Structures are given as structure tokens and as C-alpha cells.
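Here you get one chain, nothing else, as C-alpha cells; it is the form predicted on its own.
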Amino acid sequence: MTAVIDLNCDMGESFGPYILGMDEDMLELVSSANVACGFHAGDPRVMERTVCRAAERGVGIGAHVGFPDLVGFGRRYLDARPEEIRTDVLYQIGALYAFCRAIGVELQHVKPHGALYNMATRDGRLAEAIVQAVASFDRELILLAPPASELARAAERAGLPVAYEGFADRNYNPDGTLVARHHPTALIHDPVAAARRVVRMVREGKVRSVDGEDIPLVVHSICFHGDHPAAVELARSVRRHLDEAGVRVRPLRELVNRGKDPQGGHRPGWPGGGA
């Protein structure tokens, strides 16, 4: 069976005159785009432009929802109540959907950003708040989440389609969590090393942690951070190594069965899975 994977990237993070990321180059390399919705980054002009350019290339479009924290780029841990998170997430999904609908393209997925993502992987109350927002808007939207996280479990309990996510440019702790950004080993800068790790995730369902231990990591999608200084080089290297390994790159909508029980049967997009 042919292995299949989605490659996603955080995009649309520029704001007014401030340019962040290499969206044009990354759109040629990935299959899904996580578009900032104006809370942690982005603005309405950037959102519309990013949606249009992703649609032109057939790249799947997702709402990248975060804390209302432009100064901290959504990476500061805020003390927000679940009800605040639910309504903030719903607001951001609706904002991006407006641009998708205006140009006649599908909204494919939702991915929490930064601190909200990290908090929801461990805090069941926050995970439930995000899931409630997604489910109330559209139960066929795919939710990107780390495997075996509170966020993934909450989505699965609610019957939402879930895509398990790995990271090309981040190191992992032995417990499967990401190494904190303030740590000197948090980021991976070597394109070849990153590519080899991604191929192992896809083909073997494993990744090497910072202490040298192999840990299980079964994923549907691999993330690149658009603000990583070597994002384009990393993505090009990953695409080349995936091609050489016979792995096809496809957007999430082609990998995850939507509107069906995510626990039922073999899930397309897992290592060895066909699509």
C-alpha cells in the first residue's frame, strides 16, 4: 500500500506593513495551510490574500485559531476561561470562513495555535471548549491535534474527524510532547535531519526524542512553522525525501474521513495506509 501524508504550514501571519513568513514559497511545497485569523497574527487583507493564493494552488485551507495576543504572537499562556476560548475560537473560524465562502472554496480544518494548542493538549476543559466551538460551526471540519492528547480525545468523543499531527522542525520530549521553545534544542535547523525524521514518522510511526529514545508517533499531517528561518529549505528537503521514499503528499480532505467515526477501522494517512 502507498503511504500518504499531508504537509501543513502556518501562514497568513503578516500584519499591516509587517511581513512574516515565506508564504509564496511554502504554498508551492505544502498541501494544507493554517491561516491566522487576526487574533495572534494576520489581518483581514492578509487573510483574504492567503485564502485566494492557497485556493489557486489547490492547497487545503484551515483556520489557525489562537489567543488574542498580537504582541506575544499567541505564544504566551493566558488565563482564559473555557467559555472565552469557545467563543473566541468560534469567532475566528467564522472570520476565515467568510473569506472562503466569498471566493467559493472549502474550509477544510481547524488548528489551534501556540500556547492555546499546547494548553489544550493537556487541559481537558480547554480541549472541550475548542471542540465545542468546532462542532457547533461544522461537524465535518477536521481538527488537527497531537496523537493521544486531550485535544484529540475530546474531538474523538464528539465524533469529529481528527488528524494527528507531527512536526518537522521541532524536537520531542520522551513523553511525546514538544521541547519548549526556550530550550536550545527546541528547533531543528538541518533540512536533511528533518526530512529523515519525517520519513520515519510516516513509514515507521516513530520519532527520536531528545534523549535518543524512539517513541511512537503515528501522524496524518506534518507541520512546518512559517516563521522558522529555514522553513523553505526544510520543506523542500522533506518533499524530496518523501518522493524518494514513495510517499504521496495530499491535503487533509483526501486523507481523513469526515462525518464518520474517527475510531472506526484503519484510518487513511497512517503509515502504510492507502488513499
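Keep in mind it's a predicted model, so treat the numbers as computed, not measured. One-based numbering along the sequence shown.
The form predicted together with another copy of the chain is left out here; the points below concern that form.
Although the partner is absent from the chain shown here, 47, 95 and 98 each have a heavy atom within 4.5 Å of another copy of the chain in the predicted bound form. A residue is said to contact a partner when one of its heavy atoms sits within 4.5 Å of a partner heavy atom; residue 83 meets this definition for another copy of the chain in the predicted bound form.
Interface membership of residue 238, defined by any non-hydrogen atom within 4.5 Å of another copy of the chain in the predicted bound form, is ruled out. Taking the partner from elsewhere, residue 169 is found to have every heavy atom lying beyond 4.5 Å of another copy of the chain in the predicted bound form.
Interface membership of residue 88, defined by any non-hydrogen atom within 4.5 Å of another copy of the chain in the predicted bound form, is confirmed. Contact with another copy of the chain in the predicted bound form, judged as any non-hydrogen atom within 4.5 angstroms, is confined among 158-166, 194-202, 67-75, 180-188 to 67-75. In summary, among the residues 234, 37, 222, 33, the only one with a non-hydrogen atom within 4.5 Å of another copy of the chain in the predicted bound form is 37.
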